[in-house]
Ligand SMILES: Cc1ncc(COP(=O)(O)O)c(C=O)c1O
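Only one chain is given next, in structure tokens, and it is the form predicted on its own.
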């Protein structure tokens, strides 16, 4: 690629991706470990078979029926005009930055956080800025106020619960951040893991805060990562701005129909969430008993550490058939919550490797 006229900021960059080693226990990408139940699979298959007869036609570029189905799921007096959908929350985020950021504008987030945020910024030629979180991974809003006042960002993005720490934002914190950003910027609350949290959702504030966008996905709690469906909830004016930058017919007929069918079984698809949350609490209690440091999580994963040699532990776990995620936080590993059997396997293998000080045995 050295001879190609590549954009300067892309030279030397590698495509994003997590390890996909074919090990028995994969706990590295925060998937829901439970596949869709048979009745959901049947309903999706039936709807796709019906829609196949019209695949010679372009999909509904305004995604009307799916936006209505999402509004029915979200409730909170949200109108379909306040919802937008795309190929995963990744594309939703790209569209947000395409509409509100770009050259000579900046995105501000609070690190550590989701590793794709700087990639979204790079791809849309947006300046990326990150303010450090406090030691407990909360956001120091007084310090954030100073940062925003000195150099107002076009977009502020906060994951709640945060990835990789599992830390949620309260409604009051969302309101204060919104007040700091408005009227020149947009506040995006990334709620990819919200269904796993006991905290109140920022969705409750959409009708109150004009410059707020809440981004969600069907990839995590719904267990539909392979479907690639994310959505934004905001004011109708914000959604209209996203429609300007979306590519023509960006969401295929098959994706739209499968998502509509799945949303009709929301209760069934979300039923395992309670068990995932219970297993998360069990893992944190186990870590606490062993005096191994971890971050209190409201997501379907737990950040463990700092450990004495996390890279060595990661490699030894992989050798034992358990794949977790190395993070940008020194000494820390992130482990997704799997099935009870997978979680027990992780505890067994991790316990063989790590003593009660967090050192490799």
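Numbering follows the first chain given and starts at 1. Computed from a prediction, not measured in an experiment: that's the story for all the values here.
What comes next is about the form predicted together with this ligand, which is not displayed.
Annotated contacts: 84, 243 and 253 are all free of this ligand in the model of the complex [non-hydrogen atom within 4.5 angstroms]. Only one of 286 to 294, 219 to 227, 166 to 174, 141 to 149 places residue heavy atoms within 4.5 angstroms of this ligand in the model of the complex, namely 219 to 227.
Note on the partner interface in the model of the complex: the residue among 80, 88, 153, 98 having a heavy atom within 4.5 angstroms of this ligand is 88.
Though the partner is left out of this view, residue 187 does not reach within 4.5 Å of this ligand in the model of the complex, counting heavy atoms only. The shortest heavy atom separation between residue 114 and this ligand in the model of the complex is within 4.5 Å. In the model of the complex, no heavy atom of residue 121 sits within 4.5 Å of this ligand. Residue contact with this ligand in the model of the complex: residue 196 places no heavy atom within 4.5 Å of it. Along 128 to 160, one residue reaches a heavy atom to within 4.5 Å of this ligand in the model of the complex: 159.
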